[in-house]
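Next up: a single chain in structure tokens, the form predicted alone.
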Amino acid sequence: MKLYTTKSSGNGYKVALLLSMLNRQYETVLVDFPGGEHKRESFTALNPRSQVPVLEDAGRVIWDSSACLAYLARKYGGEQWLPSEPGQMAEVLQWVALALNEIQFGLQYARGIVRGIRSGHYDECAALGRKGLDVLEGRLRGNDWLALGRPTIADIACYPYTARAPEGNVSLEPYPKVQAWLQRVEALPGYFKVG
């Protein structure tokens, strides 16, 4: 199994984190984004969107972090990380959708603007990110985990850019339940801190 990613990709980290929690061996292939490797034909043959992560497993190529998480969860995690029962699956996937929207376009984009690797309207991104944090805080007031009362890919999907929100000048101080949840994720077997 190969995971194509970059050192700073939170989306790539999501996939690596789940692989670690599933205790799966894989090879990391670092993609040279500054050098434009992601736009070369050799990479776009793997992912026509020119993005990481990309996962290769047993002759199958999967791109997009959410698709990778779903694939790994169902193939190697049984019912634990992404159950097959429709209602439970939907409960998990609605949080993956939050990760793809308010967290991605809010917290991740605000971080990219602050770091000078993305252009955009910082105030709009930060406001959208805070909206996502408000939703997380509300859910976590009465729950330890985002879905089903246990760790799932919902938590893995939302974790990286939430944890890195301060790098985008979005404080986590107003979100004590989110902070406690981050600590619970970090206490899970197989957790490792992103480099």
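Please read these numbers as outputs of a predicted model, since none were measured by experiment. Residue indices: 1-based, along the sequence shown.
FYI, the form predicted in complex with another copy of the chain isn't displayed, but the following is about it.
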Tell me whether 63, 75 and 90, taken together, all sit within 4.5 Å of another copy of the chain in the predicted complex, counting heavy atoms only. yes
Does another copy of the chain get within 4.5 angstroms of any non-hydrogen atom of residue 80 in the predicted complex? no
Flag residue 97 as yes or no: does it have a non-hydrogen atom within 4.5 angstroms of any non-hydrogen atom of another copy of the chain in the predicted complex? yes
Classify residue 86 as contacting or not contacting another copy of the chain in the predicted complex by the rule of any non-hydrogen atom within 4.5 angstroms, answering yes or no. yes
Could you confirm whether residue 115 comes within 4.5 Å of another copy of the chain in the predicted complex, counting heavy atoms only? no
Out of 70, 126, 163, 140, which one falls within 4.5 Å of another copy of the chain in the predicted complex, going by heavy atoms? 70
Select from 1-19 the residues with a non-hydrogen atom within 4.5 Å of another copy of the chain in the predicted complex and write them out in sequence order. none
